[in-house]
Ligand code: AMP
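Only one chain is included here, represented as structure tokens and corresponding to the form predicted on its own.
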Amino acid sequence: MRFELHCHSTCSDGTEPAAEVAARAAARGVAVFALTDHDTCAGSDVTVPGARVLRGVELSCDDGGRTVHVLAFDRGGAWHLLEDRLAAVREARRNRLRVMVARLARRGIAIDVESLLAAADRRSIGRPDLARAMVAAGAASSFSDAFSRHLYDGGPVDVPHQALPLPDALAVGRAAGAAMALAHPHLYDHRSALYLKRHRGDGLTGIEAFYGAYDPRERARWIALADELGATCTGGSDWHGPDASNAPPGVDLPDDRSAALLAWLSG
């Protein structure tokens, strides 16, 4: 069965609107779909003909200064609890952008931040939006120019984003009745096992073993860890758009893994 449980649209850092992401998933024969933009569910009302569509989100979490991404999926519980917490996270992002625009002003660059925020609506907003606004205003020659001179990590305009502490994110996800999985475990290497062992009781019971960019050897590594720890294998491409270097939407899981994943998603 073909799943797409990790993909992004213009509601966060993808390049295509949510409806286009859904259309591409449908064209690829995806049977179970969830749009998982960063810290927002703004595009989750899309339809994928012939597919089961779930509400999903990729939570940006902090673990002692390290960023950890958790995929959360709606199983019909109190999802509004998670939505409420994400609204607070998005408001913090909006205030962060206001501070960065004020820092740009001190460097002689004027950006209308309130218009930028109004256009974003419920979409998660951040430095890429500011970079595009700078290019449109003629304050930067390109997206990369905006980052290399002003917006880079620790740069003169950057303001660190305060992500949800991992235990807090898992607590609200568990209260919401969400199914939660560790995204792209290769990014955390050996810490992936630590996260799953430490937080299984907090609701972190899945791992994205079928990640679109994995070769068979890498996939086997995370399947083995899932089996060792009794975690469910999830699958997704982490697609951000047609110009991205990652895999196209949709990953195939064998029948036994598909059945286990469907049961996990149903709670």
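It should be emphasised that the depicted structure is a prediction, and the values quoted were computed from it without experimental measurement. For every residue, the number given is its place in the sequence shown, counted from 1.
Below, we turn to the form predicted in complex with adenosine monophosphate (AMP), even though it does not appear here.
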Check all three, 93, 128 and 143, heavy atom within 4.5 Å of adenosine monophosphate (AMP) in the model of the complex: yes
The unique member of 79, 195, 147, 188 whose heavy atoms fall within 4.5 Å of adenosine monophosphate (AMP) in the model of the complex: 147
Heavy atom contact within 4.5 Å of adenosine monophosphate (AMP) in the model of the complex, the stretch among 93-101, 80-88, 165-173, 112-120: 93-101
Residues within 4.5 Å of adenosine monophosphate (AMP) in the model of the complex, restricted to 41-55 and counted by heavy atom: none
